[in-house]
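Below you will find one chain, with nothing else, as structure tokens; this is the form predicted alone, and questions on how it binds or moves follow later.
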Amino acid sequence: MQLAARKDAGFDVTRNGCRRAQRGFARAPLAPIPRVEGREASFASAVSHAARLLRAARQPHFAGLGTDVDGMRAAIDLAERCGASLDHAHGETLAAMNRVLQTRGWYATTLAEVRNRADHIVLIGVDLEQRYENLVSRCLRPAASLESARLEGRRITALGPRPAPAAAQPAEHLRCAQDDLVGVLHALLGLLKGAAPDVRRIGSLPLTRLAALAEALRAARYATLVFAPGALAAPREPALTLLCELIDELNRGGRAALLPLGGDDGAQTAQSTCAWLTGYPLRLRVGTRLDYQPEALSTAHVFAKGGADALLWIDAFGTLGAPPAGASGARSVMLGAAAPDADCEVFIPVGTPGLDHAAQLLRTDAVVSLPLAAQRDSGLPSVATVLRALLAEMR
């Protein structure tokens, strides 16, 4: 990616960017001035006030968790000191994926494998133009791959309400509404097993086209189903389970894998770091013991049931907005790269990973840690710096 500095300390993305990168890099940094109860304060006094708030809390909850690897490590260290529970802003999607992974398992692949090996890629309800526009040039239709023959003969199918963008052509589009997706996947699984449903259409999609897709997937050397878990209609488990069963069936006579797209706002980073350090995914309370409760420790549930008396909200990317309704209030500390959308007792502005400070983030496929260099000197501390100062104050 190439950047050009602007007078407001933001950047214009001049090459290899996307719309989300353009918005993120264009944002000017906040002034490095914390606020306590709405008034400007020094960094030391803001940290001291936040430490007193967390020390007095009986059941603190750390949420948002939009940060990098070092920030998440520091959040877990502080949570252990406070006995706090942890949940990412995208916790509902993460929890749904965890439930499927824990109860039946799945076979997933990587971006590099898709780029170099896959010969038939099916995009399941993925909006490539708005959310994952670089996936086409980097993985689906790259300029080169390790096996050029597969790249030349690669087949791309879009299954869902949105067609593949022009850059992915030639690609076929099997149109179906998002609400019909579970039924379509169920019918596709039946076709692969030789048990065709006794219908002519699934929603607006003719069964004959679905049968042709099943035949093409059977013939593929390496089929890949690409989907965005966050875009699946809730409850997500039926669609996720069917996707796993499709891969199981295809692997009986060939090779196939899933590629989930996600990890937005540091979600994959938070999830993986938590698993490294504790052995559990998110929605975990740490302290004298580990307490993993994926339903009870969701941010919305915790505050709806009065299960927390203090909130630490982390948003180093400036994209998460306010905490869920009922979660913000007087007893809250927010660390953010954008001005808070909700009232809080303490607000400490922080830098954005890979913009205001060097960082590491986990890629969407969770197998590569990407090192990011600082692009400017804004004077803003990292989330890790703030949380370590908080932990030192509480000892």
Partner chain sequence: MLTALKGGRVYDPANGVDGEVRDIYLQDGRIVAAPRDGRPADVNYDLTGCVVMAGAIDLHTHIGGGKVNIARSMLPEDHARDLVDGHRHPHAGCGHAAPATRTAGYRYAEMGYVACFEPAMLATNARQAHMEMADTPMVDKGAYVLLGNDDFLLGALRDGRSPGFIRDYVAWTLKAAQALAIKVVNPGGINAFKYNQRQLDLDEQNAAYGVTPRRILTALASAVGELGLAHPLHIHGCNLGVPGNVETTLATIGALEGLRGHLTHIQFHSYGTEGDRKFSSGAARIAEAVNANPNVSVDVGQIMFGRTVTESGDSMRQYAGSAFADPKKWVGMDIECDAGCGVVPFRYRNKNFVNALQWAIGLELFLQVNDPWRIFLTTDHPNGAPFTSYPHLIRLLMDKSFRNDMLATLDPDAAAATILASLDREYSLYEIAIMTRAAPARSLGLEGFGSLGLGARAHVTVYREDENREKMFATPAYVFKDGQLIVRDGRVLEEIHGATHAVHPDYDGAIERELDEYFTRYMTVRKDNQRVADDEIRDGGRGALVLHPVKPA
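Positions refer to the first chain, counted from 1. This structure is a prediction, so every number in the text was calculated from the model and none was measured.
Omitted here: the form predicted together with the partner chain. The next part is about that form.
Heavy atom within 4.5 Å of the partner chain in the model of the complex - residue from S298, T93, T157, S272: Answer to the contact question: S272.
The partner chain: the contacting residue among K193, K305, R104, R201 in the model of the complex [heavy atom, 4.5 Å]: Only one option qualifies, and that one is R104.
Non-hydrogen atom contact L355 with the partner chain in the model of the complex at 4.5 angstroms: Contact with the partner chain, no.
Any non-hydrogen atom of A325 within 4.5 angstroms of the partner chain in the model of the complex: A325: no contact with the partner chain in the model of the complex.
Contact of E80 with the partner chain in the model of the complex (heavy atom, 4.5 Å): Looking in the model of the complex, residue contacts with the partner chain include E80, since a heavy atom lies within 4.5 Å.
4.5 Å heavy atom contact, A51 and the partner chain in the model of the complex: No, A51 stays farther than 4.5 Å from the partner chain in the model of the complex.
Full three-residue contact with the partner chain in the model of the complex, heavy atom 4.5 Å, for E37, A84 and R331: None of them does, since no heavy atom lies within 4.5 Å of the partner.
Interface stretch in the model of the complex with the partner chain - options 124-132, 139-147, 228-236, 85-93, non-hydrogen atom within 4.5 Å: Of the options, only 139-147 has residues within 4.5 Å of the partner.
Sequence-ordered residues of 337-369 touching the partner chain in the model of the complex, heavy atom within 4.5 Å: Q360, L362, R363, D365, A366, V367, V368, S369 sit within 4.5 Å of the partner.
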